[in-house]
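Before any questions on binding or motion, here is one chain by itself as C-alpha cells, the form predicted alone.
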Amino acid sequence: MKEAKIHWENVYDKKSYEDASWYQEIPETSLRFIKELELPKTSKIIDIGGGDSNLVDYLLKEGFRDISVLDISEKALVKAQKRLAEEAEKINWIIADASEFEATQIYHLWHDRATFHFLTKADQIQNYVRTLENSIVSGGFVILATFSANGPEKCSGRTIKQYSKEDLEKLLRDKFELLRCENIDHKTPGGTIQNFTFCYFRKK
C-alpha cells in the first residue's frame, strides 16, 4: 500500500469529518459556483477527493442523478456511504489516487476542493492535468480550489503546493478558459482561517 494511501486511511480512521480542518457543514462556494453553471440535472459530475464531505448530499438534494465521488481513502467513502444510507446506492464510489486516476467515462463537471494542492511532484501534476483534460466534455466545466499564496503551506501534516489565479489559469490554459476566480477564507473547526484560490473553467 502506498504511503499516501496509508496516511489518508489513518487520518479518516482517527478523525470524524466534523473535526477535520477541511470540514464544511454547507459547501457554500462550491454550491454557488455549480448553480452559476446552470447544469442539467442529468450532468455527469465527479467530486475528486470528495472523501466524506457533504457536497454529495447537497447535489442529491438539488436533483443531480449521475454523481461520482473519488477518494484515495476507502474509509472516508465508507463513512459517506453510512451517512447517506439508502441514498448511497445512487452514487458511483471510486477508490483511487487522484494523480493516478484513469477515468472510464466523460464528465460534464469535475469538482476538486483541496485535493489537487497535495500533488507536489511534477509527474503527479502532469498526470492529473492530462486526466482532467481527457475526462471533460467539450463545453464542460472544472471547479478547482487550492490553498492560495496566503494559505497554509501544510495540511494534515503534508506539504502542499500553493496556487494563485494566474498559476491555475496558466496550468489549464491549453484546454480551458477561466470564467471566475475568487479568494475565499475558510474557517476550520479549530478557528484557523485558510485562504483558498477558488476558480472555475470551461473546456474550449
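It should be emphasised that the depicted structure is a prediction, and the values quoted were computed from it without experimental measurement. The numbering used is simple: start at 1 and walk along the sequence shown.
Keep in mind the form predicted together with a small molecule is missing from the figure; the text below concerns it.
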| item | value |
| --- | --- |
| Listed residue (132, 80, 119, 109) with a non-hydrogen atom within 4.5 angstroms of the small molecule in the model of the complex | 119 |
| Segment that reaches the small molecule in the model of the complex - one of 42-50, 166-174, 60-68, 135-143, heavy atoms within 4.5 Å | 42-50 |
| Partner contact for residue 178 in the model of the complex: the small molecule, 4.5 angstroms, heavy atom | no |
| Residue contact check: residue 37 to the small molecule in the model of the complex, 4.5 Å heavy atom | no |
| Exercise: residue 31 in contact with the small molecule in the model of the complex, heavy atom 4.5 Å | no |
| Interface membership of residue 200, the small molecule in the model of the complex, 4.5 Å heavy atom rule | no |
